[in-house]
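A single chain comes next, written as structure tokens; it is the form predicted alone.
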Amino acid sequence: MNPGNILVAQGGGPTAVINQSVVGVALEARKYAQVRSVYGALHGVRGIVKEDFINLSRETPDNLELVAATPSSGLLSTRDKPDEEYCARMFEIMRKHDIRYFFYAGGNDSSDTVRIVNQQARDIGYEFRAVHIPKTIDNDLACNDHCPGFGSAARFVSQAFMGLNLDNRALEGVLIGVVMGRHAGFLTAASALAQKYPDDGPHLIYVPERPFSTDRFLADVDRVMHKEGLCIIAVSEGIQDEAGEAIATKLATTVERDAHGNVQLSGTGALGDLLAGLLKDKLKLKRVRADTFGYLQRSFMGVVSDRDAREAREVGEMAVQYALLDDKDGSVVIRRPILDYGVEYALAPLADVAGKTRHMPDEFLNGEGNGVTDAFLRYCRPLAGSTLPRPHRFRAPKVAAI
């Protein structure tokens, strides 16, 4: 490869550790003589077509480390989903700036962008390497055991449900927590890490991988209420019925869509309100509340999994090594040959990741479709970090009535 510049960008929803990946690229690239400068595109692919770059080679290592430990997308992001024409404009800008290596941290839409641009470079014989860096709190990228960003979001969700357990135990009632997850329920399932005592919630967990039935939902809640006198429910925003229609869409009066044509799920509390209303109407329950976590779970300051941060840094470093040492394109993937706990990195073909969605395997979900198994807890617990806090209760004996 001829000497040239590196371009790195971030796409899609932010995470608590995505900056670790960009800093991993910036610092690792400084080791290679063929790299002249490392540029960062502001607002992802949109920044590329607008030539809105910053020179990360002029950043001090100290400030890079400070940004790495800061949540959200330091280079800013975009929801643009490039087609062939859009990618062609990107590629022309990159050629003009002598970009020879392109690294894009994002989900499956971002990996597809990398695939298209990489193919355009090949078509004209331009010396170019493009590597996708995995990122998503949904944990739904194909070929990966887990994805950077998920562990920290899972940590937030589990701690949030620990708090909901304590709050709801004090006053009793039904509390519904709506968690992100359009097609995959990994993040909602992470709420199960909140359980310490046998009567802790979430007592019921509903994810998109299992069809949601309102009749079964009502029966489940009624059973838990009779047994425990309270009920905490974790539900994915993307739960759907037998026909595959999102419950939020099915029950809502108006439907909004994002730039990709997806039904808007995260920007509304409608699903929680609708489920709460259903419980009040059908089961005549008085104290029912619903909290929609929304964007809180993505970039919450101070709630970061140490393992997640470390692996997010390493996938950025590995992307540079694959491109510059091995002269390869692809998508960095995380594998887990040791279940408790060890990871290794590999490079998968872009076509194996681009536009594909990974779902929770059957062994992670119980047969009733309202909870998770011990296999999921063993899988998820290490990802949330090594120092997950735990709640405690008074153990003092009761005083006899007089």
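Just so we're clear, the structure is a prediction, and the values are computed from it rather than from any experiment. In case it trips you up, residue 1 is the first one in the sequence shown, and so on.
The form predicted in complex with a further copy of the same chain exists for this protein as well; it is not shown, and the discussion that follows is about that form.
### Query
Using 4.5 Å between non-hydrogen atoms, is L296 touching a further copy of the same chain in the model of the complex?
Judged by the heavy-atom cut-off of 4.5 Å, L296 is in contact with a further copy of the same chain in the model of the complex.
### Message
Test of understanding: in the model of the complex, would S77 fall inside 4.5 Å of a further copy of the same chain by heavy atoms?
### Response
Answer yes; at least one heavy atom of S77 falls within 4.5 Å of a further copy of the same chain in the model of the complex.
### Task
Answer with yes or no whether S73 is in contact with a further copy of the same chain in the model of the complex, where contact means some heavy atom within 4.5 Å.
S73: contacts a further copy of the same chain in the model of the complex.
### Query
Is there a heavy atom of C231 no more than 4.5 Å from a heavy atom of a further copy of the same chain in the model of the complex?
Result no; C231 lies far from a further copy of the same chain in the model of the complex.
### Query
Among 208 to 216, 321 to 329, 172 to 180, 121 to 129, which stretch has residues whose heavy atoms lie within 4.5 Å of a further copy of the same chain in the model of the complex?
Result of the contact check: 172 to 180.
### Task
Would you confirm whether the three residues I54, Q159 and D291 all fall within 4.5 Å of a further copy of the same chain in the model of the complex, going by non-hydrogen atoms?
Yes: each residue has a heavy atom within 4.5 Å of the partner.
#### Entry: Candidate from A270, L204, I116, A309 lying within 4.5 Å of a further copy of the same chain in the model of the complex - any heavy atom
By the 4.5 Å heavy-atom cutoff, the listed residue in contact is A270.
### Query
Considering a further copy of the same chain in the model of the complex, which of L164, A184, V304, L279 comes within 4.5 Å of it through any heavy atom?
Of the candidates L164, A184, V304, L279, L164 is the one lying within 4.5 Å of a further copy of the same chain in the model of the complex.
### Task
Could you list which residues of 49 to 68 come within 4.5 Å of a further copy of the same chain in the model of the complex, counting heavy atoms only?
Sequence-ordered list: E51, D52, F53, I54, N55, L56, R58, E59, T60, N63, L64, L66, V67.
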